[in-house]
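Have a look below at one chain only, the form predicted on its own, in structure tokens format.
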């Protein structure tokens, strides 16, 4: 799939933009704070329904305006579709409305209209940051691959919030807690099963990509660490459900004491290793970035399989802090992608051998770079 047109109105620093990107690799050049990342953010929002960096969604709306609009025409194997998102200021917050082919749809039905894999500098925290960031990575990847996963995760999140609120009350109702645990065992076991299957495929693909870039040693390893731990790695639905149900019952007293839900996929983690040792502790920043890029390349492969066609690839400042060999290997690795957007402050010394178009972005305007800059 590829975006054939993108329209922005009052989004970040774009008062108005009509952009018709070609296929292949689009390199977006410009100084800091000119709008390169904002453009990628708009595309990512149409894929995931969420900003990849805004702490407050009201910040997506240009200062002094009540409404921002993002709209795109997407060429897909089954025919063209249109996707849109309207973001309206509401007090200190914002409300979003999603549109597919001109009709307002629920977020769950909007997912999948456009598919994209995004790399940001902040994604390095997936390696060394808290487990919540690795869970967020899995949730975002799986939600685009499978709407069923999104429904199970949404249901689980709702019940976890209710359970935690109940545990913090003066006298938690034990029967209601048991009801919540039954619901959590149902949706939670679905989440654990989906994550286990996904990480197994992700690990194999990422290991292959990493070896192609830097050689077979040290080997990149990715392991799923479910909560609760599964006996002998048995990921069958019945075993996962029984293990989670058992763990929820066994943790009841501790949860009452600590007034918090202690068991379930909201406490999962994922281990990243290089040569059998923890990447976050022993890997250099270059090794961590290379491993994360391999992980993203694997995510791209799996999303392409799930969607039946290649997704967009959105790469924000991806080349910084990679040495020349890794930059060269990476740029050549993306030349077969259907559509890629790469931001940079300076033109890369290596460009893919396939169709590459260079644009200059300045103060919320986009124009094609002169031939000399694109060569």
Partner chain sequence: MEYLAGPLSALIGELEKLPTIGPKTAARLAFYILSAPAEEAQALCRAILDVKDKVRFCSRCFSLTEDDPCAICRDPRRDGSKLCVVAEAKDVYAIERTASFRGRYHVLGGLISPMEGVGVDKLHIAELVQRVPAEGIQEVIVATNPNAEGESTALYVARILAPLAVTVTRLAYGLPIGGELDYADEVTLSRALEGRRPLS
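Residue numbers count along the first chain shown, from 1. Keep in mind it's a predicted model, so treat the numbers as computed, not measured.
The discussion below concerns the form predicted together with the partner chain, not included here.
Examine residue 162 and determine whether its closest non-hydrogen atom to the partner chain in the predicted bound form is within 4.5 angstroms. Yes, residue 162 lies within 4.5 Å of the partner chain in the predicted bound form.
Using 4.5 Å between non-hydrogen atoms, is residue 180 touching the partner chain in the predicted bound form? Answer yes; at least one heavy atom of residue 180 falls within 4.5 Å of the partner chain in the predicted bound form.
Answer for residue 222 alone: is it within 4.5 Å of the partner chain in the predicted bound form, judged on heavy atom distances? Judged by the heavy-atom cut-off of 4.5 Å, residue 222 is well away from the partner chain in the predicted bound form.
Can you work out whether residue 175 and the partner chain are in contact in the predicted bound form, taking contact to mean some heavy atom pair no more than 4.5 Å apart? Residue-level check for residue 175: yes, a contact with the partner chain.
Counting any heavy atom within 4.5 Å as contact, can you tell me which stretch out of 234 to 242, 180 to 188, 250 to 258, 112 to 120 lines the partner chain in the predicted bound form? Of the stretches listed, the one contacting the partner is 180 to 188.
Please pick, from 197, 132, 105, 262, the one residue with any non-hydrogen atom lying within 4.5 angstroms of the partner chain in the predicted bound form. Of 197, 132, 105, 262, the residue with a heavy atom within 4.5 Å of the partner chain in the predicted bound form is 105.
Contact residue in the predicted bound form, from 202, 166, 71, 303 (heavy atom within 4.5 Å of the partner chain): Contact with the partner chain in the predicted bound form is made by 166 alone.
Suppose contact means any heavy atom within 4.5 Å; which members of 126 to 165 contact the partner chain in the predicted bound form? In sequence order, 147, 148, 151, 158, 161, 162, 165 come within 4.5 Å of the partner.
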